[in-house]
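Starting off, we have a lone chain in the form predicted on its own, written out as C-alpha cells.
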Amino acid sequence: MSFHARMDYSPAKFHKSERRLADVGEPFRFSPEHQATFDRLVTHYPAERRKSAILYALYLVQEQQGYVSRAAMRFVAEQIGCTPAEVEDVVTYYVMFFQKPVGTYALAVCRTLSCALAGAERVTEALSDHLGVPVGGTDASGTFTLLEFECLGACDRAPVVMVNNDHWHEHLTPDGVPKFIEDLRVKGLAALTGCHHKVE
C-alpha cells in the first residue's frame, strides 16, 4: 500500500521541450584591425587565464557589427579557447551586450532608485510614446532603440540616459524628450550633455 498518487508513465504524458536554438546566422570574423587589437590585448593575461579576455573580445565584436550574434559568440569561443556556452553566459549576464541589432542610438534609461525618484519611469514613457516603440524596441527608421538599465552611477544628475554604452545625458525630463530626440537626429552625439563623472 502506498500513500503516493499513481503515476501515468505513458509516453503521451511526458512533456516534450519546444526549445528552439537560435539561428547561428552569417559567419563572423574580426576585421584585420580588430584581430590585431585582440591579439595584443590577450597577451595581457597568462595563457592559462586566456578566458579573462572574453569581455575585450565581445566589446570588439559589438564595435564591429553593432551587436553580438550567435555566430560571433562561437567565433569568440574559438579565439578564447572555451565553449560557446561560456561565452553566451557572459553575453546574457551583462546588459551592455546587445544580442540583436539596435538602432543608431541605443537609449538606456537608468531606472534605479535615484533616477526612479526623479521621474525616470515618466521619461521612459515619454520616450516610448514619442518614438512609438516599447522598451526593447527600435523605431521604424532604425535610429533609436529604447532600453532600461540598472544604476548608471550618476545619481546626483538623475534621471540619466546612457547612449550607445559610452555617452551620457543628464537631467532628462519627460517634457524635454521631444527636443532630446530631435537634437540627437540633427546634432548626433554632440547633443548630449555628457557626464561629470566621465574623466577623459
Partner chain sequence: MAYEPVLTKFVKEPNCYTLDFYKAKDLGYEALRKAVTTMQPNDVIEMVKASGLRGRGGAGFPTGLKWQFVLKDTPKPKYICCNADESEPGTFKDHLLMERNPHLLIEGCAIGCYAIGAKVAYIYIRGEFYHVQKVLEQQIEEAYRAGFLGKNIFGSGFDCDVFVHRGAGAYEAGEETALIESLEGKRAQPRIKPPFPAVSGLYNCPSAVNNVETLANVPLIISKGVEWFTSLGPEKNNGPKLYCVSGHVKNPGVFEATMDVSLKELILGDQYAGGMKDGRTLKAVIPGGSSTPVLLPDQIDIPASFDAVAKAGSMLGSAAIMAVDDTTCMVWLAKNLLAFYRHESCGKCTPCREGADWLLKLLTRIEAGEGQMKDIDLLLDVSKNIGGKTLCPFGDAEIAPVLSTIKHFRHEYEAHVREGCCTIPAPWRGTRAPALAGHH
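Numbering follows the first chain given and starts at 1. Small disclaimer: the values here were computed from a predicted structure and weren't measured.
Although not depicted, the form predicted together with the partner chain is the subject of the following passage.
Engineer: Can you work out which of P32, P46, P27, G132 has a heavy atom no more than 4.5 Å from the partner chain in the predicted bound form?
Structural biologist: None of the other options qualify; the answer is P46.
Engineer: Thinking of D139, E182 and A190 as the candidate spot, does the partner chain come within 4.5 Å of a heavy atom on all of them in the predicted bound form?
Structural biologist: Not a single residue of the candidate spot has a heavy atom within 4.5 Å of the partner chain in the predicted bound form.
Engineer: Is S52 close enough to the partner chain in the predicted bound form to count, meaning some heavy atom within 4.5 Å?
Structural biologist: Yes, S52 lies within 4.5 Å of the partner chain in the predicted bound form.
Engineer: Taking any heavy atom pair closer than or equal to 4.5 Å as contact, tell me whether R122 reaches the partner chain in the predicted bound form.
Structural biologist: So R122 counts as contacting the partner chain.
Engineer: Looking at the partner-bound form in the predicted bound form, is A71 within 4.5 Å of the partner chain by any heavy atom?
Structural biologist: Looking in the predicted bound form, residue contacts with the partner chain do not include A71, since no heavy atom lies within 4.5 Å.
Engineer: Whether T173 contacts the partner chain in the predicted bound form should be assessed with a 4.5 Å heavy atom distance threshold; does it?
Structural biologist: T173: no contact with the partner chain in the predicted bound form.
Engineer: Output the sequence-ordered list of residues from 133-162 with at least one heavy atom within 4.5 Å of the partner chain in the predicted bound form.
Structural biologist: In sequence order, E148, F149, E150, C151, L152, G153, A154, C155, D156, R157, M162 come within 4.5 Å of the partner.
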